[in-house]
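Take a look at this single chain in structure tokens; it is the form predicted alone.
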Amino acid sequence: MLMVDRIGTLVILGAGGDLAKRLLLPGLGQLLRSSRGYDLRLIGVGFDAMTDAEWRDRVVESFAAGEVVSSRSTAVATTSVYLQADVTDPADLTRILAATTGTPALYFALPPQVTIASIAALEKVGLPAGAVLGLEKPFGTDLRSARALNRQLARLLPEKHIHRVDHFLGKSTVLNLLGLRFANRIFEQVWSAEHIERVDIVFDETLGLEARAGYYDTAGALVDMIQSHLLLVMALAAMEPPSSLDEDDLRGSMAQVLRATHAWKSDPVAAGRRARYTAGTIDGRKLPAYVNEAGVHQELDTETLAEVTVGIENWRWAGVPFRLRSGKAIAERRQQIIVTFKDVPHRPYGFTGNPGPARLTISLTPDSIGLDLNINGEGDPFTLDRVTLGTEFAAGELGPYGEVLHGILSDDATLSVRADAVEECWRIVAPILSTWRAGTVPIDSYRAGSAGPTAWR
């Protein structure tokens, strides 16, 4: 069924960039093909010159993304226009807003420094009533800039119309985590420090830098992945049961967890470790050492693998370490939440074998879940063995960016990051970042295509 229009025009600022071509436009095409499709106008805005015809070709190509193009997405593509503009110039922003029809949604597919400058320029211009903003992470470059950006945004429009995008919150598996926790008594009854030994949230990928030095070399794995994505996934996994999935209830529960989170044992030096890949081979691809990648500045000491342990200082989680890890150029792609339960306090005498404590593994890619159980082994019933019960999650109708854009276009902030959560994520990592940038924590090395530094294993 066609959605009742909330947004008349979607404006993509930074439309000529890789994010728009590879993720945003395919997500929009998917949304337009779905049962939640919209009627809207699309305007692309970029600093570089591009004709309307060239822009429309790009939109059509991205909308297709290997799937059948719907009549609705074709209509949006063929009526779309491209505006060359400096989004930090108030006069150009006025021209962009004048080209919109109906209520506009502005999506900032821009580097954080450009976004901050553009928001400052928008303050001088103003926004039409009901306008919506979508902002890509990272939100600011540190705690101070994130606070300043939030203050700027609050002067422009209400918080409910500000969508800070973290596409991880649009992943169907992350959303399924809510159903798993809160619709199954068997899990919620043991979801605490009384029964859980540790929680690991891992996002290791086989990809290297992939020509992203301009952003990544000033961010690194800690800011790029842990400060935003993984802390928010942790908040979903650890939050108290919300009374509803309304945006205020859900985001309030997530913020409550983040406010209680600190570096493990309040020791930012011991709580984190970092490393950087050297030359190696992954699946037949040869990767140069990170410091030899184009655009990398060796003096920045940027890490490509980060591991941070935090504690959530509340009644439910006191004493449970949450280890957040993300790395590039790792041998095996591993994107999981791993909940390790405490071992049983006693096994009756006569059993042999010790498979170890049970674990619940929620895989973010592919979308699946596995629960370890210790049972009597085959042949000898007195020998304990390990089996894993598993199933795959049902795929959602939309991918992450389809879900994100659906929230923006319907002005539903449930999957958006609230201002206080953004600031808490920066607060949590700030002391760890300071020790790394001061050189207090050494940077280890690992071969591209390995599991990480040998010493870490």
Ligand code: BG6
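Note that the structure is predicted; figures quoted are calculated from it, not measured. So that there is no doubt, residue numbering starts at 1 and follows the sequence shown.
Although it is not shown, the form predicted in complex with ligand BG6 is what the next lines describe.
The closest heavy atom approach of Tyr290 to ligand BG6 in the predicted complex falls outside 4.5 Å. In the predicted complex, no heavy atom of Phe139 sits within 4.5 Å of ligand BG6. At least one heavy atom of His229 is located within 4.5 Å of ligand BG6 in the predicted complex. His167 belongs to the set of residues with a heavy atom inside 4.5 Å of ligand BG6 in the predicted complex. This chain lacks the partner; the member of Arg325, Arg251, Lys328, Arg274 within 4.5 angstroms of ligand BG6 in the predicted complex by a non-hydrogen atom is Lys328. Between the options Phe187, Trp315, Tyr215, Phe382, the residue in contact with ligand BG6 in the predicted complex by a heavy atom within 4.5 angstroms is Tyr215. Annotated contact segment (heavy atom within 4.5 Å of ligand BG6 in the predicted complex): 200-208, selected among 200-208, 111-119, 78-86, 231-239.
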